[in-house]
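Next up: just one chain, as structure tokens, the form predicted alone.
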């Protein structure tokens, strides 16, 4: 599992600059597409929604079974009050110590850029996807602001030094 986490955290494919679509607001039916820039195939430096996220809203999205559903694949020690943490993806209890918001943003928008073999879904992409539920055809799972809210929450996930393994 550690090798998967290292690959997910550090997988750099090739240096480059890529532009892709993103929605600028929460209303996914009327939001205009904007551009984001992927830098060096590891990060999207600028917030998608043009403003910082709210960690409280991000936590709700993170655990929501019909939105982020992050606990389906990831274990998070700080959320042990929620049942059924997954073990498919890397543990995220200390992710803020290892990853920048820009790196997290790319992993939520299009994780296959960092790791083409990942099974993590793209939460903010609408083209080039397979087996998309009808209600999400042409729409991302998460809006630009929801991505920023989740990033704001995940940036709070740090373990005290004595608790680190």
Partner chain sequence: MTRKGNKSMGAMGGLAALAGAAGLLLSGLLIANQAAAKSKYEVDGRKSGYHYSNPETNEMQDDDFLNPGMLWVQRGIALWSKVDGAAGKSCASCHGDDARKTMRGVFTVYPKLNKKTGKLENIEQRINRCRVENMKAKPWKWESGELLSMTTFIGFLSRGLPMNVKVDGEVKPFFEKGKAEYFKRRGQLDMACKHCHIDNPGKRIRADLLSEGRAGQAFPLYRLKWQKIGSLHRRFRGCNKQVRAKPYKPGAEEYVNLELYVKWRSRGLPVEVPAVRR
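Keep in mind that this is a model prediction, so the values were computed, not measured. Positions refer to the first chain, counted from 1.
Below: the form predicted in complex with the partner chain, not depicted.
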Open item on the list: Considering non-hydrogen atoms and a 4.5 Å limit, which listed residue (39, 63, 102, 96) is close to the partner chain in the predicted bound form?
Closed with: 63
Open item on the list: Taking the partner chain as it sits in the predicted bound form, is residue 152 in contact with it (heavy atom to heavy atom, 4.5 Å or less)?
Closed with: no
TODO: Report yes if any heavy atom of residue 92 sits within 4.5 Å of a heavy atom of the partner chain in the predicted bound form; otherwise report no.
DONE: no
Open item on the list: in the predicted bound form, is there a heavy atom of the partner chain that lies within 4.5 Å of any heavy atom of residue 157, even though the partner is absent here?
Closed with: no
Open item on the list: So in the predicted bound form, is the partner chain close enough to residue 45 to count as touching (4.5 Å, heavy atoms)?
Closed with: no
Task: in the predicted bound form, residues of 97-117 near the partner chain [heavy atom within 4.5 Å] - done: 112, 116, 117
